[in-house]
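For reference, the chain that follows is the form predicted alone, supplied as structure tokens.
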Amino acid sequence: MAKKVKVGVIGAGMISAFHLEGYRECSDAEVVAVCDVVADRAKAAAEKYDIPKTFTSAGRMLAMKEIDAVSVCTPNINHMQSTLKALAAGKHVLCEKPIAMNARQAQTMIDATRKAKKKLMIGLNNRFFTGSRFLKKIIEAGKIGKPYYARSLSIRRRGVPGWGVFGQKKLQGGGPLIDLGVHAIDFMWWIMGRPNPVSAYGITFDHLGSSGQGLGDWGVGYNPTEFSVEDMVGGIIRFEDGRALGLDISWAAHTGDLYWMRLFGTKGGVQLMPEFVIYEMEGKTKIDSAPQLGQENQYANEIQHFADCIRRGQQPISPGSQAVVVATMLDGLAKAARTGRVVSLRTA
């Protein structure tokens, strides 16, 4: 495909802005239509990003023959249905994370993708920033030996989202576990080489979100009376080869904001921060800061990769088939938190 990829965007809320900015930076793709159930929201996005057509019906937009691909930027509850409609209309799909409300829905999407013979890429954007690619090269080169344990922290002191429907379980499927945990799990699992998960244990808490203590820089006006999800989760995933992944995730906690990922290997280790990567190998500690690594927009990288995959017939770095496994791990952690038991993730 030599021409530009023509794109339609379903959903014009907050997350769509990241996609639209990415498409604006991509010389190989062009957004030709945007759809939202709120007409004014679609109109505002169209005016800001010079999009020629707006719709309130996804079906009507998908009937446009010139559209090659779709970005699904809806609340989680609509990810599956929007994706299925787009695939049935013969469009490639970039669906925001998480792939769906649960692994069962995710598998339905994968089955439809195979039937349609189209590409389904999931917006797991942590795979597309400079530090992650730098980290992956170190690990794949064997510099730290075999990674055997990973731990990821994504802690907000007061960071319950004040927009959208993030705090409503029936529309989102969960709180920080499914919102931030999808990144924490996916990124480290991907970095470790995608080992086969066999069990999960998790515990969730809701002490601050429902009492109104989660209000901060991430929003101005969430309603505590509508807050029906957890505000913090801790968990551990065990893999078939004996390795493990631990995580601590929160929207609200009485502590400072913390964002880091650590990976322990048989010959060395790495710590990824937003600003730099610290790693030990060959008996020496080294630090590479983000400016030295080069600053890049991970959403722009993600969008460019999506366009490249369509134009060149390549498989995405973050395909739906891998997101199903991540959804299975998220489901397992949520079930473990409900039951207080270790949950098996084995499929056979």
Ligand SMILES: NC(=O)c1ccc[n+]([C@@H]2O[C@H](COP(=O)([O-])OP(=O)(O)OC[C@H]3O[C@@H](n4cnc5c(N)ncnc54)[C@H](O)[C@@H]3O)[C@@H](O)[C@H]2O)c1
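Remember, predicted model here, so these are calculated numbers, not experimental data. Numbering starts at 1 and follows the sequence shown.
One more form of this protein exists, namely the form predicted in complex with this ligand; it is left out here, but the text below deals with it.
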R41, heavy atom within 4.5 angstroms of this ligand in the model of the complex = yes
Would you please decide whether M329 lies within 4.5 angstroms of this ligand in the model of the complex, comparing each non-hydrogen atom pair?
-> no
L293 near this ligand in the model of the complex, any heavy atom under 4.5 Å?
-> no
In the model of the complex, does P176 have a heavy atom within 4.5 Å of this ligand?
-> no
Look at the stretches 191 to 199, 163 to 171, 268 to 276, 229 to 237 and give the one with heavy atoms within 4.5 Å of this ligand in the model of the complex.
-> 163 to 171
Checking G159, G131, P147, P75 against this ligand in the model of the complex, the residue with a non-hydrogen atom inside 4.5 angstroms turns out to be P75
Among V324, A336, L20, I15, which has any heavy atom within 4.5 Å of this ligand in the model of the complex?
-> I15
Residues in 99 to 136 with any heavy atom within 4.5 Å of this ligand in the model of the complex | G123, N125
